[in-house]
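Only one chain is shown below, in structure tokens, and it's the form predicted alone.
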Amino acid sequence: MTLKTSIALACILFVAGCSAAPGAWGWYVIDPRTTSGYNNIRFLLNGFGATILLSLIAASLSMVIGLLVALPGMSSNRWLRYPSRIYIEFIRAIPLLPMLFWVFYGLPVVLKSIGISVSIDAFWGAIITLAISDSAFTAEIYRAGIQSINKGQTEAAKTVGLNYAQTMRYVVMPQAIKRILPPLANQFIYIVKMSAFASVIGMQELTRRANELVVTEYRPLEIYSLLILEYLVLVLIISFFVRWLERKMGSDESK
């Protein structure tokens, strides 16, 4: 099913739901033909910006941290390799929600105990949590991609005088990026969906706005149905862009 078909089908189902009998459903609460329904939809859609911005920053930090963790993890020096493995196993074992609470409520206390007085708001608390949590998985994606490159290419790079940094930059990483682009895209979609947890610490993203609207309108089925539709459209757009990027970079090996 294509992106346009999926969005069209979702819109048809939404409009059909709005036309249902008033006694059976409460679709009037998000009916764009009424003033209150239109305002409710606008209120929900205004959470898109926060969700996208949060996801983009968290994903960017995750990719940087993941690379910094992955490179020492492939070293022959155990003093570099062991800390990388410990970090990955430790972070992967922690559920996202407890980590979010610890970062938001506990990290400022820890920093204050060492003389650093910093307050962390909901936006940056969610970014730090998502970036750290996802970095362990991103590091494993980097490791798998880099190790999939034939060792003969790195040996050839050494024979022409390239050092380790130059070999990684000009020989290994350009090829590895093409191979790890699909799993990295999956991780970005994962971050987009997991950004919903930011609602529990008060961030005004999609899920938080839906929760607030449910409290005032008392129509959870209809409002959360629209919320699911919002995430569906967002993920479909991301998937479409990733497919386009794969074709541009030559990552799509299905041809």
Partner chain sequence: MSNKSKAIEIHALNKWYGSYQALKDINLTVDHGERIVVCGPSGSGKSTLIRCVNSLEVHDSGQIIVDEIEMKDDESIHEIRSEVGMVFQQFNLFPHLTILQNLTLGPIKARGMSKVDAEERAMRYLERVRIPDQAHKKPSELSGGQQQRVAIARSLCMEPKIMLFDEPTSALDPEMISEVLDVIVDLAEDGMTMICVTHEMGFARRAADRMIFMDHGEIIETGKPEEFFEAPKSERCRKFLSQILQH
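Here the structure is a predicted model, which means the values were calculated and not measured. Residue numbers count along the first chain shown, from 1.
There is another form of this protein, the form predicted in complex with the partner chain, and it is not shown here; the text below is about that form.
In the predicted complex, Glu155 approaches the partner chain with a heavy atom inside 4.5 Å. For the chain shown alone, Pro83 is not a contact residue for the partner chain in the predicted complex, no non-hydrogen atom being within 4.5 angstroms. Although the partner is absent here, Ile128 is not a contact residue: none of its heavy atoms lies within 4.5 angstroms of the partner chain in the predicted complex. Although the partner is absent here, Pro95 is not a contact residue: none of its heavy atoms lies within 4.5 angstroms of the partner chain in the predicted complex.
Heavy atoms within 4.5 Å of the partner chain in the predicted complex belong, among the stretches 101-109, 139-147, 159-167, 120-128, to residues of 159-167. The partner is absent here; in the predicted complex, the one residue of Val171, Leu71, Ile132, Leu181 having a heavy atom within 4.5 Å of the partner chain is Val171. Along 33-61, a non-hydrogen atom within 4.5 Å of the partner chain in the predicted complex is carried by no residue at all.
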